[in-house]
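Quick heads-up: it's one chain on its own, the form predicted alone, in structure tokens.
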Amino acid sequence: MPEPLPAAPLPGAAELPALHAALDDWFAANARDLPWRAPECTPWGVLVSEVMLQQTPVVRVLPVWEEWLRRWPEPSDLAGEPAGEAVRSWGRLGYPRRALRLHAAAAAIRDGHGGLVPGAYAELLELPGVGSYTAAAVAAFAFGRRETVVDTNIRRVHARLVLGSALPSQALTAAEMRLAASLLPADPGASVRWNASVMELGATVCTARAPKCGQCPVRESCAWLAAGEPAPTYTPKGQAWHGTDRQVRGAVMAVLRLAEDPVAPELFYRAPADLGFEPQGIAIPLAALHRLNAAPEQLERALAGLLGDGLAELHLGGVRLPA
């Protein structure tokens, strides 16, 4: 295991305003035009975007977010639908339990907050499925609050800019949170812009594998560049997909999302032709599932996991999305 990152020396009082101004100007000129950043975007739209963007690229989130906000422009609109509709509309974003959490959060907002997303960090943190990052991000980006927002991109920029490390520690530390808090401008509006600009810099310029240092507006202040770009102390591990239980779960979910009626369990294990009939509407995702050649025990684990997570339920002898 690598040694934890040392406590960071704080930038001097004279350096911070220059850093803030440089990134503020860069963000104003280079920020991506994303709908959840628009002035007219509601706090609900910001909350939905923050949940969808967890471990998911912007390009995949955009069409799903837009469809969600067209269909459910307010939390009460989503809360009035079955949880299964949230899962169905989640599409292929992955980690579909996030859809269930958003549905539960929408119900909590409807029932406990008059249908309006709360603006205080503590109240946001009490919503189902909302953790410390999401609560801080929504309070900052939807309500203009001065909150310390720390995601993977922000952690990487801080590690390079201040600590001189290629990558942040493998898990978020208290020292990183203290560093992030120390860099935050005192003015609430400036703090929101700082959070957004550092996040954008990490997402588009100070990337994990191929940083575009020549385009960086704060490269002259970067401790990592000054140290000669030292190599990471560990190699980030990507998550396996092919042949995993996650892949099989995703294929089963693809069937359930298109099914109008409960799906007979045997269809997951045997091709419809072998059972003597042709299912309506789910032939394509079923064929994709069978092409995986998953072992029966793997299919059993996938189904049991989906039922256990509340992403599916048994009904009339079949399996369907939750009602």
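Residue indices: 1-based, along the sequence shown. Everything numeric in this text was worked out from a predicted model, so none of it was measured.
The form predicted together with the DNA exists for this protein as well; it is not shown, and the discussion that follows is about that form.
The shortest heavy atom separation between G144 and the DNA in the model of the complex exceeds 4.5 Å. A residue is said to contact a partner when one of its heavy atoms sits within 4.5 Å of a partner heavy atom; R70 fails this definition for the DNA in the model of the complex, lying far away. Shown alone here, R97 lies within 4.5 Å of the DNA in the model of the complex, counting heavy atoms only.
At a distance threshold of 4.5 angstroms between non-hydrogen atoms, P188 is out of contact with the DNA in the model of the complex. Residues placing heavy atoms within 4.5 Å of the DNA in the model of the complex fall in a single listed stretch, namely 241 to 249, out of 79 to 87, 217 to 225, 241 to 249, 175 to 183. Proximity to the DNA in the model of the complex, taken as a non-hydrogen atom within 4.5 angstroms, holds for one residue of V192, V205, A104, L93, which is L93. Residues E50, L53, Q54, Q55, T56, P57, V58, R60 are the members of 47 to 67 with a non-hydrogen atom no more than 4.5 angstroms from the DNA in the model of the complex.
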